[in-house]
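Given as structure tokens, the chain that follows is alone and in the form predicted on its own.
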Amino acid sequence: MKAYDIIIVGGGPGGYVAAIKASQLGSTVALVEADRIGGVCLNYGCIPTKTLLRSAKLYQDFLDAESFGIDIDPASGVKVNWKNLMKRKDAVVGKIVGGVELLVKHNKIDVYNGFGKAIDAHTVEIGEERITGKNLILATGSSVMLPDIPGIHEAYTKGQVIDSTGAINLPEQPKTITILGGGVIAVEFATLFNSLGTKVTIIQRSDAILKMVDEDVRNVMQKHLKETGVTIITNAALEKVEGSTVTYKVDGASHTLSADYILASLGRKPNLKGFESLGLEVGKQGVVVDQHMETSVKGVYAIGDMCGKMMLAHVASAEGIIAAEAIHGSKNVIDYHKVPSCIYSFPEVGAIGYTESEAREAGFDVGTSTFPLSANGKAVAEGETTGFVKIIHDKKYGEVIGVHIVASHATDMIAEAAVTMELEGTIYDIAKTVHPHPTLSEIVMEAAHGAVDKPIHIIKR
């Protein structure tokens, strides 16, 4: 058996980053992956969906070209070429995954293709082969969770109910689609299909979509989706699925809705198969780990979705670095309140830290300040004025404890808030930081001025 310092099971954004970091720190590393390097994120999630969303945004821009002074010949028209859309998506994924594979090779990491099964805390079996390691990092991610609704599993087997992976590999653009769930993935796919001309209906069991985000963000996004043509049904109890028809109940009355496909977006569950022999402590979210990502078994670490702390690719990567460094003696930790999350809708959402209600529940003396995109010169010039920034701070010292942005480039802009919070920055720090003009980033500075005193470019009474 070949021996390594570290064996990593799972080659997604957590596993391959942990492998590269561990190698850079001087360890011999084996990386075990049953599919292709990059995991769900690079192959079936983050990258392909954002590639398709870019195409959808471009299509919408073409449709709106006349308002920008650009006429398109009505005879030629603007059409979605689904086949070429998918072709571009596959090309982008191939290029990025190929780049990661090159990085893994450059860092002298041995890759084992196959399903990894832990025999004990130091031995992993891949098919007929076994390897040993002084330490083990588990990074096997998560899978789509299907609820126990009559008929849904049968329809999933037949391809009438699809998950996110199925949604990005459809042979043709659906004319209609029903989305079960109102979380981040549901909203992104609603944005994608609706923007391309598919009739989209979201069925949500609670009273609103995006229940995990700040209330002001949720209200703006729900209103905007409805205005752009998405039907949102809330307070709905799912009763059964028959083919691509779903039956649900609202206010005691049953309704049926048929579509070309049903997209199930009702959560994910950790992938724990293959590690039963380790006797890991598992909680409601997933594998239980300490702040250095070590499990209940000494020398065995777990990162990413299988821990369930925050099921985000960049969190998995950060946890992978924490685990690799911990094995080498460092004791760095992650403050999850300072980790940004993103929604790649139109407009985008970027959020970090406490929501306003969470901050009040946590006992902070809460101050808030908002600034609308409609008062920003760059936003007006680009015709993207739906949205705002909201800064939440602790009045005692003015420390920023939460930032929520709805804007066309919110997922990029939220990084400024992440740096500010990591440095324990205040509203005064942001307000006195000179921001370039004209940029969308000025809304963050304006909101900070509003928290300190008054913003410059709106009238605040």
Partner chain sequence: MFHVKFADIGEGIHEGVLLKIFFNEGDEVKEGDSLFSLETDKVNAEIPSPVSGKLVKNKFTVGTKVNVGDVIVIVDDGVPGMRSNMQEGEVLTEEESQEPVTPKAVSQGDESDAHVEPVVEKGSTSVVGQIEISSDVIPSSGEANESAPEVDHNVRVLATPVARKMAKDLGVDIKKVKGTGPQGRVMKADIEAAAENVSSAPAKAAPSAGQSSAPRAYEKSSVAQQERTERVPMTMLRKTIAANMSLSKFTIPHTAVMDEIDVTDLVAFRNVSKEALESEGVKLTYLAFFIKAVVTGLKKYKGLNASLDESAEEIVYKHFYNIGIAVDTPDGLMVPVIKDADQKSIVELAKIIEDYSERARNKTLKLEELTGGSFTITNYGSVGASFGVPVIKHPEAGILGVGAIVKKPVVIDDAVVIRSILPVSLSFDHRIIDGADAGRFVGVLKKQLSNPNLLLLNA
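Positions refer to the first chain, counted from 1. These numbers were taken from a predicted model, which means no experiment stands behind them.
FYI, the form predicted in complex with its partner chain isn't displayed, but the following is about it.
S.K.: Choose from 415-423, 51-59, 402-410, 25-33 the stretch whose residues reach within 4.5 Å of its partner chain in the predicted complex, heavy atoms counted.
M.R.: Result for this chain: 415-423.
S.K.: So in the predicted complex, does residue 429 come within 4.5 Å of its partner chain, heavy atom to heavy atom?
M.R.: Flag for residue 429 set to yes.
S.K.: Where, within 384-408, is there a heavy atom within 4.5 Å of its partner chain in the predicted complex? Residue list please.
M.R.: Heavy-atom contacts within 4.5 Å come from 396, 397, 399.
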